[in-house]
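Only one chain is included here, represented as structure tokens and corresponding to the form predicted alone.
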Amino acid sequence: MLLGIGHALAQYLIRKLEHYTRLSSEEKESLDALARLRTRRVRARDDIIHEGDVPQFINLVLDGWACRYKTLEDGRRQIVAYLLPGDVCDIGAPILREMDHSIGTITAVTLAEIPLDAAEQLLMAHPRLMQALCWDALTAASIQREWTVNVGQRTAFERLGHLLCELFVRMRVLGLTRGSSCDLPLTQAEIADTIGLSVVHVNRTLQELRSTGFITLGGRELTIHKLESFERVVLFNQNYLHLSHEGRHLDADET
């Protein structure tokens, strides 16, 4: 999924932000120009930035999968978010001055490393972009709340099914699904670190999900059969992803 010169490097970020507000051609071009200033390729299952580091750039995922995670002193890890193409890894870090979590890759990832002063200049020049990125940050916080509910209240079956639905819907927003299928490059250990189960329990729950006929999972590909029915079974409601904003319906000149 590595993007070539003919592509808008910021295309996935633009697609996502346009769920919140329609962007003008100038705004899109400015975003893409910012993404082209400096790029970096990071290999799979490596760290992009560590807890305690002082960020020098805002990192934008151009392709591949990454995650936010926290690690305890004894090595136990909790994954607290997945970062997909178009996700800004650390937009708040320049304000906080120090990373309070680490960001690692799941697959090989291409990043745009956006200088802090360049990002500030862009947002000052284009207030609508600032508004859209604020909506995106609020949606990320909404996803975090849903993950708290997932770990605290849902059954293992519901937790895993809910996570699969969320990742599929987020990939669909980006145009990265293939009918009812999408990439799913997660190991069972990574899923376990996400939903608070042991690897053995994740394996057993995956078998249970497969037995229902709702999902097919193999070869790093997820297929969800009868998505709406599966959503009801695992108590998944898309409202926390905030995908029905005015941006889907308005032209840039109307906002």
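Since the structure is predicted, the reported quantities are computational estimates derived from the model, not experimental observations. Position 1 is the first residue in the sequence shown; the rest follow in order.
One more form of this protein, predicted together with the DNA, exists but is not displayed; see below.
S.K.: So, K28 and the DNA: in the predicted complex, are they within 4.5 Å at any heavy atom pair?
M.R.: Because no heavy atom of K28 falls inside 4.5 Å of the DNA in the predicted complex, the answer is no.
S.K.: Find out whether any non-hydrogen atom of R36 is located within 4.5 angstroms of the DNA in the predicted complex, and reply yes or no.
M.R.: R36 lies outside the contact set for the DNA.
S.K.: Hey, in the predicted complex, is Q188 touching the DNA, heavy atoms inside 4.5 Å?
M.R.: Output for Q188 is yes: heavy atoms within 4.5 Å of the DNA.
S.K.: Can H50 be called a contact residue for the DNA in the predicted complex at 4.5 Å between heavy atoms?
M.R.: No.
S.K.: Just one of 121-129, 180-188, 134-142, 164-172 has heavy atoms within 4.5 Å of the DNA in the predicted complex; which?
M.R.: Only one stretch qualifies here: 180-188.
S.K.: Since the partner isn't included here, can you check whether the DNA sits close to all of R43, Q56 and H101 in the predicted complex (heavy atom within 4.5 Å for each)?
M.R.: Checking in the predicted complex: none of R43, Q56 and H101 is within 4.5 Å of the DNA.
S.K.: Going through 200-238 from first to last, which residues have a non-hydrogen atom within 4.5 Å of the DNA in the predicted complex?
M.R.: Sequence-ordered list: V200, H201, N203, R204, Q207, R210, R220.
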